[in-house]
Structures are given as C-alpha cells and as structure tokens.
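Below, in structure tokens: the form predicted alone, a single chain.
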C-alpha cells in the first residue's frame, strides 16, 4: 500500500503492507503532513515570513527562532566541515540556505511516527531520497529503490537494495533541481548527479550534494566515511558512472 503526504511543494510517499489498520494509517499520515508543513513554514526560502527568510533579511536572529533552526544550522556546519566545504548552507551571496538537508531532516523528524505503525516494515521517500525500516514487501528482507536518470525522473539508471545496515539513499543533481548546489570545483571534475547509500538519510543527502558540488574529491571523502557512492557524468549525451567498490545494483 502506498499513501502520500504533501508539503514543501512535494509529494512524500510511504510504502507499507496492506495489513495495516487503515484508520491508524490515516491518522498517522495526517500528523506527518502537519509536521512537514510546519518545517516548510519555518525553513522555506520561498516563503517571505519563514524564519530562514526573516533571518536573511536581518529581521530576526537564530536565537529568536524555534530551537529546530539552530539544530539544523549546526548540522549544516558539521557537514560543511566534514566535506571540506563542498556542502554549505550559506549561498555565494551570503544568505543562509539549509535546503540541502532540510527535506531529509524533516523526513527523519517524523520517523518515530512511522515506527509506531503496526507493520512489519515501511519505506519513506520523496524526490530521490528514501529510508526504510523492517522487512521489505517481496522476499521479506529487502527494499528495492530505483535511481532516476539525471535528465528525466521518469527513466531509471538502475535499482539498488536497501535493508540490513544500508537503510537510506539520497540523490542530488544539477539537471532538475540545483538551486541549493554551488560548485566548488571546475566543470571537468564535476558530476551531474550523485546517489549515496548509508545508514543515515541526512548524512547521505549532505554527501550527495557535496559530491555534485565538489566532484571526485568529495566522492572519495564520502567513501572514507563508510558510504557507498554512485556518481554520474553526462558526456556527449551518454551517462558515465563512477561507483564505489561497495556499490551493487539489485538483480
């Protein structure tokens, strides 16, 4: 069964088995959607009255905003340091923009609600990012997640398996939504899309963005942090892939 929540101008989807109580599921997803809407109201760079927009205009401070703002910005600073500056929540013009991890942070923020569902497992995803818990729907062990082609979300370059110690995947790219990615390397060493697999959805998201911004150096650093990486280039209309040794496609 697939149910959705809508916020941040995006659709978030939850996959669960059909045995779940429909009323319990509906109530849970209602709370999830409200939580996501709150995140958007606080962190959106498109809403004039959001905390992030007001901070950018100098109308308020981080300390005057909900504690979640400081939490997210602190996480951004940690990933900036870990990635050597390839991931950053400060735009080239100096404005604060934590878009690179806000969506996945919001997804993880409601994880406790999903864990309370009486199901054997679930997959929670949005726009190329997904995290799983428990047993998958087919063989009862794993979940399969497709990775979109860098030029079309309706095409796939392959499918990966999530489960066990690898429970999260995040994908970032420059060909569809790239407003939150600022290159830190020359075009010759850059990728148009990166997918990162690990056990922490927010970390995967931050590193995927860092790899697109920082190129091969960031991709190697992500692997040193124990993550699996698929980084894609477009050369003469063809997709060329660089994969970490631990990367494997689903059968």
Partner chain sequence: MKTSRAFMVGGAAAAALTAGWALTPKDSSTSAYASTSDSTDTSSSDSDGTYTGEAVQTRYGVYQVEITVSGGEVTDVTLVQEGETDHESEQIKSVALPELIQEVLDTQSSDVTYVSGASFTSEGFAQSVADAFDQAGL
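By rigid core we mean the largest C-alpha set that fits within 1.5 Å across both forms. All values reported here derive from a predicted model rather than from experimental measurement. Positions refer to the first chain, counted from 1.
Keep in mind the form predicted together with its partner chain is missing from the figure; the text below concerns it.
Review point. Based on heavy atom distances of at most 4.5 Å to its partner chain in the predicted complex, which listed stretch, 65-73, 219-227, 52-60, 26-34, is the contact stretch?
Key: Looking at the other structure, the answer is 219-227.
Check your understanding: Looking at the partner-bound form in the predicted complex, is residue 109 within 4.5 Å of its partner chain by any heavy atom?
Key -> Answer no; every heavy atom of residue 109 is more than 4.5 Å from its partner chain in the predicted complex.
Review point. According to a 4.5 angstroms non-hydrogen atom cut-off, is residue 202 in contact with its partner chain in the predicted complex?
Key: Judged by the heavy-atom cut-off of 4.5 Å, residue 202 is well away from its partner chain in the predicted complex.
Review point. Within a 4.5 Å heavy atom cut-off, is residue 123 in contact with its partner chain in the predicted complex?
Key: Residue-level check for residue 123: yes, a contact with its partner chain.
Check your understanding: Using 4.5 Å between non-hydrogen atoms, is residue 163 touching its partner chain in the predicted complex?
Key -> Contact check for residue 163: no, nothing within 4.5 Å of its partner chain in the predicted complex.
Check your understanding: Within 4.5 Å of its partner chain in the predicted complex: all of 130, 146 and 244, by heavy atom?
Key -> All of them do, each having a heavy atom within 4.5 Å of the partner.
Check your understanding: Going by heavy atoms, what in 61-87 lies within 4.5 angstroms of its partner chain in the predicted complex?
Key -> Stretch hits, in order: 81, 83, 84, 85, 86, 87.
Point to revise | Did residue 22 shift 2 Å or more between the shown form and the other one, C-alpha, core superposed | key: No; that C-alpha moves by less than 2 Å between the shown form and the other one.
Review point. Any chance the CA of residue 9 moves 2 angstroms or more between the shown form and the other one, core superposed?
Key: No, the C-alpha position differs by under 2 Å between the shown form and the other one.
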